[in-house]
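Consider the single chain below, provided in structure tokens and representing the form predicted alone.
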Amino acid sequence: MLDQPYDDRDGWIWIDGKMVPWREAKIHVLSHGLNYASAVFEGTRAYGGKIFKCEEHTARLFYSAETLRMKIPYSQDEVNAATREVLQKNNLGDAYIRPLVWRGPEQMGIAGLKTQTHIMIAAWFWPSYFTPEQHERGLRLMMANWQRISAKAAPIHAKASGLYVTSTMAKQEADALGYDDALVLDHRGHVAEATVANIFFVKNGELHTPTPDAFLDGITRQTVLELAARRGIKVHIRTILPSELGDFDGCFLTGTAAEIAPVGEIAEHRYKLGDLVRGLMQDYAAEVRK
């Protein structure tokens, strides 16, 4: 199932209030969302048939849509119910769930305010974003040649499709050069995040993580902050410069897909998987299956 093309699978996708057979889930090629990236989405995980922080993800989906002036024609409660229905209809336990909102083909032109807003929810089996081998040795990151842009240039706190072109290019370059991922700096040259995951560093038993003023403050990132507080781990949310990368003992990524993924190296800097990171990984694994 993991290697199947995503357009050729068994299953059901919820589109605009109806369950549609997977292979029949189509949109028009002149959809505004396809031509002008007027689309927002979420990435949600289910563990043992239970969706982790479903309401928080749906709330962010609505925030993102409103930021792009799209009105979702359903309530948040209706979208939450549809998300659970998709999981059950596809008989999934551990799964990745993708809600997507986009502008339709009713009007071309950059504004597209006369288009219809559409929504779909798909789900599929998803064991892990990174392999067990990658977790064991720690991820290898290169320094990306692309940067996150300013909050004055784009709605960085919305999970908007158009913002991911930077991540796509950085991840493609990392894959081509044999790395697992890339560290992306922001427009000021500060450490921001990986391509689709936030980043934390460990130093002297404390955590350091960049201030989320040029990238999305992930729900998994927020969960890790909560878990760290429970353990009494001090967290420094601050500007981190590339020149500091050699000062840290450990490093890990956080994201819905990545969960907590230890980093073994960034460029020439090496990191160890210590007890602090192992403990947070165990806490997170328990948290998502409560």
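Note that residue numbering begins at 1 and tracks the sequence as displayed. Model, not experiment: these values are computed from the prediction.
From this point on, the text means the form predicted together with a small molecule, which you will not see here.
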{"property": "Residue contact check: residue 220 to the small molecule in the predicted bound form, 4.5 Å heavy atom", "result": "yes"}
{"property": "The small molecule contact in the predicted bound form: residue 262, any heavy atom under 4.5 Å", "result": "no"}
{"property": "is_contact(residue 198, the small molecule) in the predicted bound form, heavy atom dist at most 4.5 Å", "result": "yes"}
{"property": "Residue 254, heavy atom within 4.5 angstroms of the small molecule in the predicted bound form", "result": "yes"}
{"property": "125, 74, 164, 130 - the one with a heavy atom within 4.5 Å of the small molecule in the predicted bound form", "result": "164"}
{"property": "171, 118, 208, 148 - the one with a heavy atom within 4.5 Å of the small molecule in the predicted bound form", "result": "148"}
{"property": "Per-stretch contact check against the small molecule in the predicted bound form, the hit in 235-243, 254-262, 62-70, 30-38 (non-hydrogen atom, 4.5 angstroms)", "result": "254-262"}
{"property": "Triplet 159, 193 and 216 all within 4.5 Å of the small molecule in the predicted bound form via a heavy atom", "result": "yes"}
